[in-house]
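Below, in C-alpha cells: the form predicted on its own, a single chain.
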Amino acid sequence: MRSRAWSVCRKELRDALRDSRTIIAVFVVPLVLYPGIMLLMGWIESQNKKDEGAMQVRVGLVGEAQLPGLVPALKSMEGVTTVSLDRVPPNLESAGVDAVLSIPPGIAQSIPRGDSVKVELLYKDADHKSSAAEKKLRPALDEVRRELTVLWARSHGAPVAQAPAVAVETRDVSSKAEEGRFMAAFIIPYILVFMVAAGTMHLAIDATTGEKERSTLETLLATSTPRRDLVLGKVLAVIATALAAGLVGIFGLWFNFTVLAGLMPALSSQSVQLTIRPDQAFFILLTILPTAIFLSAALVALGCFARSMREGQTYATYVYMAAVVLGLISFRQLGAPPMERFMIPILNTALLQREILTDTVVPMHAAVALGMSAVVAAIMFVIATRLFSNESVLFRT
C-alpha cells in the first residue's frame, strides 16, 4: 500500500475523530441507541404480557346452559367476569363485553346425530383488552371441547362422566445458546449492513463535498500525491469508520441482550446468549470488507459529484436507504436461498453471513457472493477515482 494513501487516510481519520458527529454516529449510536431500542422493545413486550395477565375482562355467553360445566370453569378464571346474553350482539361495545362465546342452539341433539357444530369465540384482535380476553379464554375453549367429547361419547353408549385428561402440547427444547445462534443469524447480518451503511455516510461526504465547501480540497489536489492515492486514502478512512461502527453495533447487541438483560428481572428469563465463535467473526469480517469498500467508494464518488453538502447528504441517504432495504430482504429468506440472490450486492453479504452463523455455508454461495462483491467494489472504486480526477465534475457549479 502506498505511503501517501496511508497519509491521506490518517488525515481523514484525525479530522473525523475531531468531529463529535462522527463519534456519535460510529460509537454512541451503534453501542447504545439501536441495541437499547431493541432491549426496550423486549421489556415493553414483557410488561404488556404482565399487564394482560392482570387485566379484568367481561365475556358474554350465548347458550351456556347447554354445557353445564362451562360456567364454573369460566368463574374459576382470575380476571374473567361472565355476562349471559340471549343472542350474539351486533357489536361488542353495545353489549358492554370484551368477547362473546357463542354456543349454537340444539348442540345436545346435533352431536349425537353426527352433525357438524361450531362454537365461536368472537373478539377483536385490534382491541388490546379484547385480545387479552381471547388469550384468557383459551383454557375455556379446551373445556368446551371436553364437554362436547363427553356428549358424543355418551350418545354412543360409553359410560363416561368426563373426558380423559389427554394433553397434546408443544415444547421448545432449544437452549439459550441455540436461541442465541438463531437470533445472531437473524439479526447480525442486517445490523452489520445497517451499521456499515450508516458509518460510511457522514465521513464519505465530508471528505469530498465537505472539503470542497471548506475550500481545502484545492490545497490537497495541489500536492504531488496522485489522485488514485487520494481516493484510496479517503476510501480507506471511510472503510475504517464503517467497520468500527459495525463491530461496535454487534458488541452493543451482545452487551444489551446477554449482560444488561440478565441484570433486569423482567428480562432475565427472555435474554439470549448472542455468541460468535472466533472463526465465525473472522469470516464475517472477511465478507463485510468488499461491501464496505463498495459502499465507501460509492459514497466517495457521489461526494465528488455533489455540488454541496446538502446535495451530497441527499445522495448518501438514497444509498443508505437502498442498503437498508436490501438488508431487510434478507429477513424474508427462509431455507436455502437461490443462487441468483448471491449476485445482488449487499443482500449477498447478509445471506452469506447468515450461513456462516448457522454453519451451513455452501462453497458456491460463498464464491459467488465474495466474487460479485469484490467486482462491484472494484468497479465503484474506479468510478470514484475517475470522478476525482475530472475537475470539471469535481468543481462543477
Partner chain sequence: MIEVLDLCKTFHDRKKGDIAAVSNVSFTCSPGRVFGLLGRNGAGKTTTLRMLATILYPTSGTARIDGIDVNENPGEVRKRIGYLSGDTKLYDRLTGRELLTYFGELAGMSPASIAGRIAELQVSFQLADFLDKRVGRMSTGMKQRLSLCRVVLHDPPVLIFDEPTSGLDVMGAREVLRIVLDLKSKGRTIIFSTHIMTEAERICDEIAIIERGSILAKGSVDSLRQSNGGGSLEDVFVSTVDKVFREEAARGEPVRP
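Here the structure is a predicted model, which is why all the values come from computation and not from measurement. Residue numbers count along the first chain shown, from 1.
This next part talks about the form predicted in complex with its partner chain, which is not shown.
Chemist: Heavy atom to heavy atom, is residue 389 within 4.5 Å of its partner chain in the predicted bound form?
Modeler: Result yes; residue 389 sits at the interface with its partner chain in the predicted bound form.
Chemist: For residue 308, is any heavy atom within 4.5 Å of its partner chain in the predicted bound form, or not?
Modeler: No, residue 308 sits far enough from its partner chain in the predicted bound form that none of its heavy atoms falls within 4.5 Å.
Chemist: Residue-level question: is residue 224 within 4.5 Å of its partner chain in the predicted bound form, judged on heavy atoms?
Modeler: Looking in the predicted bound form, residue contacts with its partner chain include residue 224, since a heavy atom lies within 4.5 Å.
Chemist: May I ask you to state whether residue 214 is within 4.5 Å of its partner chain in the predicted bound form, using heavy atom distances?
Modeler: Looking in the predicted bound form, residue contacts with its partner chain include residue 214, since a heavy atom lies within 4.5 Å.
Chemist: Among 111-119, 137-145, 322-330, 226-234, which stretch sits within 4.5 Å of its partner chain in the predicted bound form, heavy atoms only?
Modeler: Partner-contacting stretch among the options: 226-234.
Chemist: Which of these residues, 279, 93, 78, 218, gets a heavy atom within 4.5 Å of its partner chain in the predicted bound form?
Modeler: Exactly one listed residue reaches within 4.5 Å, namely 218.
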